[in-house]
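Form predicted alone, single chain, as structure tokens, below.
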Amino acid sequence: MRDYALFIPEYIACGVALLVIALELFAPRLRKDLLAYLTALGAVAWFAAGLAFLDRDPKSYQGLFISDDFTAFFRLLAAGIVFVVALMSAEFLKRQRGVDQGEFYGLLLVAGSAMTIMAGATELLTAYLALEVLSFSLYVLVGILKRDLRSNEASLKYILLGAFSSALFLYGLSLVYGAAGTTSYAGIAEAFAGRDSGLDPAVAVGMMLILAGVGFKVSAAPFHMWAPDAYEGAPLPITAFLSTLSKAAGFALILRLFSTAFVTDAESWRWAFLALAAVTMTVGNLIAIQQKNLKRLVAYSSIGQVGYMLISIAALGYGDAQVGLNATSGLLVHLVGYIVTTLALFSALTAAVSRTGSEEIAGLRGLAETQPFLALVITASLFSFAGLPFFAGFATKLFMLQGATTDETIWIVALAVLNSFISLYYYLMVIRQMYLFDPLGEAVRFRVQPVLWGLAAILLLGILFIGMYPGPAFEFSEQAAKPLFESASAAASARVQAP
């Protein structure tokens, strides 16, 4: 059924993207920050339209895309991320020259729309095309500072490695299609459940190649090598965008794909996710200890966070539908806490760096004296990443690890707790610079731009609210996770009954 109304929120987002590009083209003297505010307004309209798709019966578009609560969850996340990053960029780009701001804000909206399609895709080629739209948008955004050599270098590295990962994903897709005879998620699950023989080696290779392709997108080790350079070279708001939207989109694709299409062969991929989780969290946290640059530290910290999230994916293969529901809802609520925390951190960092001009950790020296509010927001964000009580990261990580705990995964849950203690060390190194050292130069308090101050304040309240009252976020995440297991129940039964 061709129900084009399923894409109304994305029509709004892409329409606003075309509008901001056209405004810069035909009204070049228009104040550039107005483009940011228009983008933010478009994100609000996109979010409002997305609310209308919550708590409705699932509807499919030609078997290629499904609109359900899971898709709506990621649609709202995408709109929220674009809203915050657009406002953050309004202040940041005032100090930059040679940036095509219409393209900048337009690509934010296009990338967010691609994330929605990745979440709702029920067919491999649709998922691949959405993945590529997201990737190409990010390639351009990372290198948007055309006069900055670091930005150019980061974009080039990202493109080269991204093209390689896309090839892996596409090759894996072709192997799965060759074995199943279809690219539909439901069709793949049905074909694999009806086999008389065991797992086809070509299917196993195809799954591992797809895992490698999406592993690159979420920067799981050993596919993470692009992340530190891309984070360091990108503008600060785009580093925040990479840390949030890129990872959320990758996990949206992984969750729907592996809980539906590949659920019948869970035994063949669950061990790979366990190994990937263990390596990713350990590599990310150990290398983060050595970092001196704030962006690179956040890059490796986010790699560690991805390792924790991958435990939930592995748990999908070690239990029934109820275990899968618990693991998925735990992962989704942790994504919410992680995104709010990351955006709060970057709102504060954007304001601090605009004052100091330094992206090094040492550039935050004495920030508690020159701007105590920013120091407070950064401290709360880092404590949330570490999973300390009363902050979002504690509650959401607790739900996630609890939902992913089975007899087979308990060892890696213990490893995640150990890695959280390791991460606390390098977070405290940043906090130490702000509170225990004198500022560089004169100890004069400075004012924060009102937009950044407001963003940081609201997101700080979000960190505290989720940390002390996580119920609404968890209920929302559980509602979003249910469609995956209602639609996959038949495939899961087939997996149990298959000889």
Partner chain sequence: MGAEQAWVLAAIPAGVFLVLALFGRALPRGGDYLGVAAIASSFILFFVVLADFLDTPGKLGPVVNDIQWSKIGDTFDLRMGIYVDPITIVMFAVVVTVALMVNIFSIGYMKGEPRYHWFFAVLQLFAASMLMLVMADNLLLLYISWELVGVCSFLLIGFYWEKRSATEAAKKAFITTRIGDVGLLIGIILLWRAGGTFNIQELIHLAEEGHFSQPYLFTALAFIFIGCMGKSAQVPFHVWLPDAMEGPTPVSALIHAATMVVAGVYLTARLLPMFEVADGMLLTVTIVGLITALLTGFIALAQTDIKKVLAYSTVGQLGFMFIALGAGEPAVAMFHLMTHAFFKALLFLGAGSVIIGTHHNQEMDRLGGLWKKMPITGTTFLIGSLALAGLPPLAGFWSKDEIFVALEHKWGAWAVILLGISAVTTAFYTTRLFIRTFMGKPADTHVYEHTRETPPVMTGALVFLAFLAITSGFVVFHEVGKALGFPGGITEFIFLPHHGPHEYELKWGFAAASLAMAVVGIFSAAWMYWGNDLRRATALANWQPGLYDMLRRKFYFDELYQGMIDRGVLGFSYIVSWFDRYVVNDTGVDGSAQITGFTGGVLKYLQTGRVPNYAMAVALGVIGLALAGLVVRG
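Numbering follows the first chain given and starts at 1. Here the structure is a predicted model, which is why all the values come from computation and not from measurement.
Only in words, not in the display: the form predicted together with its partner chain, which the text now covers.
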* Going by a heavy atom distance of 4.5 Å, is Leu436 a contact of its partner chain in the model of the complex? -> yes
Can Arg195 be called a contact residue for its partner chain in the model of the complex at 4.5 Å between heavy atoms? yes
**Prompt:** Taking the shortest heavy atom distance, is Met225 within 4.5 Å of its partner chain in the model of the complex?
**Reply:** yes
Look up in the model of the complex whether Pro389 has a non-hydrogen atom within 4.5 angstroms of its partner chain, and give yes or no. yes
Only one of 239 to 247, 155 to 163, 72 to 80, 360 to 368 has residues with a heavy atom within 4.5 Å of its partner chain in the model of the complex, and that stretch is 155 to 163
With the partner omitted here, the residue among Met468, Ala45, Leu54, Leu440 that in the model of the complex has a heavy atom within 4.5 Å of its partner chain is Met468
Exactly one of Asn326, Gln96, Thr379, Thr356 comes within 4.5 Å of its partner chain in the model of the complex through a heavy atom, and that residue is Asn326
**Report entry** Site check Ala5, Leu87 and Leu257: each within 4.5 Å of its partner chain in the model of the complex by heavy atom
**Finding:** no
Taking its partner chain in the model of the complex and a 4.5 Å non-hydrogen atom cutoff, the residues of 303 to 318 making contact are none
